[in-house]
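As structure tokens, one chain now follows by itself in the form predicted alone.
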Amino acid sequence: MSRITHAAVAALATVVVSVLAPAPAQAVQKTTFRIGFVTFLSGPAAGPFGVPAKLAAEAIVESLNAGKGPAPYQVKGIGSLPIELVVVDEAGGGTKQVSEFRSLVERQNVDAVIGYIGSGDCLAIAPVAEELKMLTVLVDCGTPRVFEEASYKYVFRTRAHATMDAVAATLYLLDNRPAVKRITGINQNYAYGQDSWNDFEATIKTIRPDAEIISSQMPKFGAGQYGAEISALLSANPDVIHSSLWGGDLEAFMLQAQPRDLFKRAQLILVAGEPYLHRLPGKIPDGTIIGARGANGAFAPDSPIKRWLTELYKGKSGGLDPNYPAYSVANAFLGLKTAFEKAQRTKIGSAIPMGAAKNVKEEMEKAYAPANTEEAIASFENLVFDGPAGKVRMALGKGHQAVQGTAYGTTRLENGVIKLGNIKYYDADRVTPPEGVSSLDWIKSGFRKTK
């Protein structure tokens, strides 16, 4: 009987183990890219903000899934995976939204979350997104505090924060009415309303230190009744009334203020007033200064992406033009798509053998594994991409906060339709603080561009 060597025994053991050991689990092939989309579907913010955001999201997803996006967004879905929306109502406050967010991540198994209009909701959601390691793109929420008071890896905001609204509004006001002296405001008493008024007040004091801040009315969010505030504003006899009211609050305030002739003498500034141009004809006085949280809506320059969004949105809305919430939603989807596909192209480039096909679109549609969240984040940081109102630069918040220019115009009623005239544009660098500097510190420094 021949002698069995130690080497032979070891080889036999290896064979046995390899036969008996279970085969490695196959990676589950993704068939869709699930996005949790959160917006106001009920309550006073739904009509002017939440529903337009939802209509835009649905129209954009349908177009992208069909491969009908404009250049450079022709690849179907996100990296060839069809997008599936899981829609959640933003109404109910921050505590409810945190619970809904956890459900999206832990039960609905979404791949990313897009949404949130209310600043309080954004401030509540951001640390939870970080905890759960869920890539989250904030659609709106004007407060600059999100990235000025914290640093996040998994959270991005693809629209500029509201400091630009206050700074540009002041520049526009003083360009057109340099003699104004008596300034008042009415803003909601929560993060966005407080920040908007503080930035506007600081900008006025920096540029026109002789101007007098007479009063600041801060009704609670969702108050609905503004009789006392209107009386206080009338008593102040102001030259200017600044307001960042939005949603049902702005509509209620305008309907209650106009019969009392509040705006007969005072210049009204609505820094977030653009969504009401088609909702309140005859209720917004001629000469009102209106902003659109950027060069959005009626302010947007012509481009293939603007025309694409306008056509899609009109088809969903019964012929209405997209307002600025729809533009904000487009930025979020296009930014997320760009980040994932940029990361995916990097993977494809390293995986394609020499002499293989070079067409990236074809390669993406051959079911290569999509980029993962960590890879997409690396591509998203400091990204520059094309939106319906022009270039979007992820330039603040360590590459997580977008900057864009903005615009203001003045209203006039023509044949029952509110039109905008005397439009002026402001570059992002002129109305936005630099990286690492808080908005108020930047304003009070005289708008210095260095720390």
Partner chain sequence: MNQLLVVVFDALTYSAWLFIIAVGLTLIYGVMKILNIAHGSLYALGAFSAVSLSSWWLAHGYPPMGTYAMLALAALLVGLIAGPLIERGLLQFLYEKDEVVLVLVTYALFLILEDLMKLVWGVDPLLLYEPYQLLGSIEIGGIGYQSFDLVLIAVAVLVGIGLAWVLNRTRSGKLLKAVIHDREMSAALGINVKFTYFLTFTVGAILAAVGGALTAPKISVVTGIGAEVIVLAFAVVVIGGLGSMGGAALGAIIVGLVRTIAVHYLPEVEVFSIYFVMAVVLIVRPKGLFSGAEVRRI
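Remember, predicted model here, so these are calculated numbers, not experimental data. Heads up, when I say rigid core I mean the largest set of C-alphas that superpose within 1.5 Å between the two forms. Residue numbers count along the first chain shown, from 1.
Omitted here: the form predicted in complex with its partner chain. The next part is about that form.
In the predicted complex, no heavy atom of P209 sits within 4.5 Å of its partner chain. Among heavy atoms of Q258, some come within 4.5 Å of its partner chain in the predicted complex.
In the predicted complex, G287 stays away from its partner chain, with no heavy atom inside 4.5 Å.
Although the partner is absent here, T338 sits far enough away that none of its heavy atoms falls within 4.5 Å of its partner chain in the predicted complex.
Highlighted residues Q225, E229 and K283: every one comes within 4.5 Å of its partner chain in the predicted complex, counting any heavy atom. Heavy atoms within 4.5 Å of its partner chain in the predicted complex are found in one stretch of 243-251, 173-181, 156-164, 371-379, which is 243-251. With the partner removed from view, the residue among G399, G47, P70, G390 that has a non-hydrogen atom within 4.5 Å of its partner chain in the predicted complex turns out to be G47. This chain appears without its partner; in the predicted complex, the one residue of K76, K347, K314, R279 with a heavy atom within 4.5 Å of its partner chain is R279. In the core-superposed comparison between this form and the one not shown, the C-alpha atom of D261 has shifted by at least 2 angstroms. Once the rigid core is overlaid between this form and the one not shown, I207 does not reach a Cα shift of 2 Å, moving by less than that. Once the cores line up, the CA of Y152 ends up less than 2 angstroms apart between this form and the one not shown.
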